[in-house]
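For reference, the chain that follows is the form predicted alone, supplied as structure tokens.
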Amino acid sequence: MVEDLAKSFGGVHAVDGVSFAIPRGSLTGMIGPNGAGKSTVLGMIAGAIRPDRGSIALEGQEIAGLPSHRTARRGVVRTFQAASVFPRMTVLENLLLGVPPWHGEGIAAALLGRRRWRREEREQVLRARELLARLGISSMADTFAAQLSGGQKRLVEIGRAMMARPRLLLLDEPMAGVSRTLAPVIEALVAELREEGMTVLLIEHELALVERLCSPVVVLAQGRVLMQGEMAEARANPEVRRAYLVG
């Protein structure tokens, strides 16, 4: 639940009193013209941007103002408009970076609990390989991420987020820079996440895609919420149509 969220940059109100709900287990879409404040809202939810005011409650826990690493530990994981991967690491290694801290990462645990952390490591590697198979890129497990196409990098980024088992997944324009060949693959993956009951907030410019995938939809314009409802309602709303024409 987001309530009265606000953020200004140099006197410009990028987000001005935004409130909306992300129902648990839903794939909620966020749309709006360029400059509507969508990425700023997502950045505040993810902890990358500190809000000037407002509340962000994740399953009853307040997370507004927490830094991004603490927000991630609460289960909020994001992707970026430009796919973010570690180019000098393999695809498999990129996925393993998404795993929350395990017992072997502490000094005492590493020294005293070798069997445990080694077992956990094997389990996570197996899970990552299974996920690569689901993504259709098993053959690239040992490929350096720098060698991937834009769409393949996007798959790796989403896969890394899935490794974290997020309570809330934030997808920032997942189709940006993706070829026509891989776009249906990514759309199918996002649809699967919805069917599996993962809570997702999706920012996307392609309205037809939002209509196919998302319910509900939040419409932003000039840093404010115009409406929250179904995409069909948004298309019929005069304020929404006006905002897109002006924006």
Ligand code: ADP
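No experiment lies behind these values; they were computed from the predicted model shown. Each residue number is its position in the shown sequence, starting from 1.
The next section is about a form of this same protein that is not shown, the form predicted in complex with ligand ADP.
Q: Looking at 50 to 58, 185 to 193, 65 to 73, 29 to 37, which one sits within 4.5 Å of ligand ADP in the predicted bound form if you count heavy atoms only?
A: It is 29 to 37 that comes within 4.5 Å of the partner.
Q: Taking any heavy atom pair closer than or equal to 4.5 Å as contact, tell me whether residue 232 reaches ligand ADP in the predicted bound form.
A: Result no; residue 232 lies far from ligand ADP in the predicted bound form.
Q: So in the predicted bound form, does residue 236 come within 4.5 Å of ligand ADP, heavy atom to heavy atom?
A: Residue 236 lies outside the contact set for ligand ADP.
Q: Classify residue 22 as contacting or not contacting ligand ADP in the predicted bound form by the rule of any non-hydrogen atom within 4.5 angstroms, answering yes or no.
A: No, no contact at 4.5 Å.
Q: Within 4.5 Å, heavy atoms only: does residue 14 come near ligand ADP in the predicted bound form?
A: The answer is yes: residue 14 has a heavy atom within 4.5 Å of ligand ADP.
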